[in-house]
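This document opens with one chain alone, in structure tokens, the form predicted alone.
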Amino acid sequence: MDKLTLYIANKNYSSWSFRPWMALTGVGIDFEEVLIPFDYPNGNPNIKAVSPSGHVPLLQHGGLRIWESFAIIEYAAELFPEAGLLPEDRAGRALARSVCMEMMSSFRALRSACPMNIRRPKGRIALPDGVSADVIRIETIWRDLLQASGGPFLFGAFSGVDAMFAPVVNRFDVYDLVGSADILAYMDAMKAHPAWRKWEEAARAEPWIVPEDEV
């Protein structure tokens, strides 16, 4: 089989890169990592040379290039069905796709006000309209899935769905947005996962500072 190469951006800030990286790493799929750092304010031409969309993450498998975080996770789930990136049953996969697509298309207020920042000291900020509604909706998604699966992850065992919400775990944590015991327990399980810890260690060691994401 051709090797997998995952192109990502800064680990401290790149929420979209975090998702497929944690998914693949979390279930033990082997891949080569290539990090192309952000270069504000004009972007990094090295990203545009790799990715047809001009953005990362991007997964290369032989001559095939797949971009967008969830597309990468779905492709890896088909390539390695035994890895458990998505539920085995059709109903479970449909539900997983639904919440992942909602993650991709929604929660703009939260994303805009609270950028992912692994190194950020924990502390609250003034929140604009819309953030509280985003937080409540995400808590509802998590709570419903955890109650149905029994936890500790959204579908029981760690999966690509957890990876899709990994940057939200960071946002909820460092901006101190939630306090319910069940939500905090899920976040603790995520932050204790070896893949999370590996990403966090690398993020904290990065030299780059992106002022736009330092709220």
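Because the structure is predicted, anything quoted here is derived from the model rather than measured. Position 1 is the first residue in the sequence shown; the rest follow in order.
There is another form of the same protein, the form predicted in complex with a small molecule; it is not shown, and what comes next is about it.
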{"property": "Contact assignment for the small molecule in the predicted bound form, among M190, V56, V168, V161, heavy atom within 4.5 Å", "result": "V56"}
{"property": "Exercise: M104 in contact with the small molecule in the predicted bound form, heavy atom 4.5 Å", "result": "yes"}
{"property": "D173: touches the small molecule in the predicted bound form, heavy atom cutoff 4.5 angstroms", "result": "no"}
{"property": "Contact test in the predicted bound form: S149 vs the small molecule, heavy atoms, 4.5 Å", "result": "no"}
{"property": "The small molecule contact in the predicted bound form: N44, any heavy atom under 4.5 Å", "result": "yes"}
{"property": "Option from 153 to 161, 24 to 32, 48 to 56, 173 to 181 whose residues, in the predicted bound form, bring a heavy atom within 4.5 Å of the small molecule", "result": "48 to 56"}
